[in-house]
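Form predicted on its own, single chain, as structure tokens, below.
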Amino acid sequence: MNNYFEFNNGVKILCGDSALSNLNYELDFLGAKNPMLLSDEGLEKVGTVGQLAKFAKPVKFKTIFTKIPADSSTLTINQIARLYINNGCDAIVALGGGSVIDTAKGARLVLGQSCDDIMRLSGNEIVKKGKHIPFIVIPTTSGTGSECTAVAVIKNAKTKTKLEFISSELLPDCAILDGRLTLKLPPKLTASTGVDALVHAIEAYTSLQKNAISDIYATTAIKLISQNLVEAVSRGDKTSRLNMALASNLAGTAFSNSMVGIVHAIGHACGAVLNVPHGNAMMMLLAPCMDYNLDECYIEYSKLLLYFTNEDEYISTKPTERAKALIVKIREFIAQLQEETGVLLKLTDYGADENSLELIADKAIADGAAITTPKRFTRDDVLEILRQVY
């Protein structure tokens, strides 16, 4: 455990089936009269935007913008900021998954810094306290935990590269977790985003920046995911959906304060080179990367076994075998999710060849997540892991 750490958790959480009914109160509390709603066309098409209007009466939005791309874009962020000013808006409400939330974070950052281009604010932890723009996030997926992280991943529209913006100014005032909004999430996305949350929690619990508070968030998230993700995928009932929304939030808070590691470093690279969906990359890489980290993380892995088994089996497992037993459980857990959903978990499914493996390895060792991973890795280490999922 680090002798010194910082922990930031300034987001108010509203969690439950009726959580959305409090949106009007929260906007009023923040002094907002003319809020802007940000979402995407997919959620508009399936009726989730309409659901918000139904569940959150009597909220009326001054402006509704749904043309947010699958990957958050610098151009879209700048467009939203101009629209916000021109239409006299005074708050942002983000309804959606990671891209919508990251776009909203970027727009809030631009407006708060009285800037005209998000790229002027590029760089980690360089943004100072700015003008307060009331900001509420309503996630519709259970994976990124972006509603409570001080991070936004935004694609540079010119270079097509993804940039990380890190600042406490990205944190919203409030996050509303309402299980009804994730009921339409398809099984494949439920599985992949759920494992993304699991990876956030496991890597937060083993990161070099882990601390006593982040550990509590991480382990609670792991317990919720182990008990609810399969149920959410197979049945998708409101209870398991709500528990997954909470787990994602807890895992996001944990890794926002302790960071992630090798799974994300390689996963980011797989997305950049082969366009592997992030959650799918997490599913294929988690167990092999845990194998790699085993000698450095055996104490933490041994403790986590309890969340993937019962007390009797945990006690009967030799202490020296518990860490390996966890990895076996993780493999079985992901195999069960794959069987339920048919999600593709081989790099060749995404067009990989030897050349692409080399490119992924180059990007992975340069990824920011490599800094806080518990066991240093080389380019050759990455290639060995990649060949396990090739």
Partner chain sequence: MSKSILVNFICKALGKGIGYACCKDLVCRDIFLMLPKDLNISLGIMGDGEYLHLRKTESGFCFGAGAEEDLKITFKSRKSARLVLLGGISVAESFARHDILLEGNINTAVLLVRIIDRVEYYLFPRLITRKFLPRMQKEFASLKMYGFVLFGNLGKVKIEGNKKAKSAKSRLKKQKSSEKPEKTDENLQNVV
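Predicted, not measured: the structure shown is a model, and the values here were computed from it. Numbering follows the first chain given and starts at 1.
Another form exists, predicted in complex with the partner chain; not displayed. Remarks below refer to it.
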Taking I64, K238 and E340 as the candidate spot, are all three within 4.5 angstroms of the partner chain in the model of the complex by heavy atoms? no
Report the stretch among 311-319, 274-282, 244-252, 188-196 that approaches the partner chain in the model of the complex to within 4.5 Å, counting heavy atoms only. 311-319
Could you work out which of E169, E300, D173, D215 is the residue within 4.5 angstroms of the partner chain in the model of the complex, going by heavy atoms? E300
Quick one: of E231, D90, E164, D291, which gets a non-hydrogen atom within 4.5 angstroms of the partner chain in the model of the complex? E164
Contact test in the model of the complex: L208 vs the partner chain, heavy atoms, 4.5 Å: yes
Within a 4.5 Å heavy atom cut-off, is A370 in contact with the partner chain in the model of the complex? yes
Contact between A325 and the partner chain in the model of the complex at 4.5 Å, heavy atoms? no
So, in the model of the complex, is S122 in contact with the partner chain at a 4.5 angstroms heavy atom limit? yes
Could you pull out the residues of 240-260 that have any heavy atom within 4.5 Å of the partner chain in the model of the complex? N257
